[in-house]
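In the block that follows, a single chain appears as structure tokens, in the form predicted alone.
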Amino acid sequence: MSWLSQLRTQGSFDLLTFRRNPAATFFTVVLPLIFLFLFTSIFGNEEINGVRVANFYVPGILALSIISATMVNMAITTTTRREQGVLKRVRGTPLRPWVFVGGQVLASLAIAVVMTVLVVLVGWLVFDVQLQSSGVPSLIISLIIGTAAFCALGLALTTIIPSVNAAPAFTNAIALPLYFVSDIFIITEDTPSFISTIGNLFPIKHLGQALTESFNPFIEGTPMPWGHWAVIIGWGVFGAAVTATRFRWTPWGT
């Protein structure tokens, strides 16, 4: 079997595993939509200068969906497989390690694409959110870069997660505070400067802002948020470096 067939097979297996995990499906697919409805109900969806306020909620929810499908799901799933001895058994097969990891990344990309379509569709049908055609190329690039970078960060997180039970706690303890300081849940101009500084250090805010530019109708031409992409890529490289040097195929403590 060629490496391409192996990659496709591994990706299909990871997608099937995701679909058979009700908790992962809820937190990745359903919860972001619940947040979208809640925030729009709480903060309103008035029309300002011909643009609905939800136009600026949807990118944040979309960033949440991508991160859930990549970093959070990757960290929890990989830790579970490692502690159950699955990774150790896989390492003893002819399957190339990069194909195994690549299949997970491919599955995460597929989930992120589905969530992008779903969130944009719900935003358009329910909240009158408009995605400009000029913003589609930027949206696609942000999706690809974000998926790759946050998958690498998810794998990097497994190097500090000691057990299956600790995996959700570790990932949420890192992700949830960063959502709040990264303008994912709440968008305001009155954010304290030190909070904004903290948010700017991490890739979640930059993914959210890169996606926001794709939906911003006041930007002329095709938005290309190079600065945000550079920060996301930098964190992705960092995650890949940590994974390459510290990733474990055997259960913690063995």
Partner chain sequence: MTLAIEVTDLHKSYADFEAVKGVDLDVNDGEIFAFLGPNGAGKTTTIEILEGFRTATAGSVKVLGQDPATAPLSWKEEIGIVLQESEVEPELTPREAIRMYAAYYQAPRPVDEVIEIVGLQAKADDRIGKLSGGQKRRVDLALALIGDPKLVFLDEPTTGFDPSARRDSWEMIENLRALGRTVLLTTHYMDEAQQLADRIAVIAAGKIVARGTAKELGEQVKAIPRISWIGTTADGLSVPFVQEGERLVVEAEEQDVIGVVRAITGWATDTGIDLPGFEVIRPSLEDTYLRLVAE
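Positions refer to the first chain, counted from 1. Keep in mind that what you see is a predicted model, and the values were worked out from it rather than measured.
This next part talks about the form predicted together with its partner chain, which is not shown.
- From the list 67-75, 85-93, 175-183, 109-117, the contact stretch for its partner chain in the predicted complex under a 4.5 Å heavy atom rule is 85-93.
- At a distance threshold of 4.5 angstroms between non-hydrogen atoms, Thr25 is out of contact with its partner chain in the predicted complex.
- In the predicted complex, Ala244 stays away from its partner chain, with no heavy atom inside 4.5 Å.
- In the predicted complex, its partner chain stays beyond 4.5 Å of every heavy atom belonging to Phe170.
- At a distance threshold of 4.5 angstroms between non-hydrogen atoms, Leu16 is in contact with its partner chain in the predicted complex.
- In sequence order, Thr9, Gln10, Phe13, Leu16, Thr17, Arg20, Asn21 are the residues of 8-44 having a heavy atom within 4.5 Å of its partner chain in the predicted complex; the partner itself is omitted from this view.
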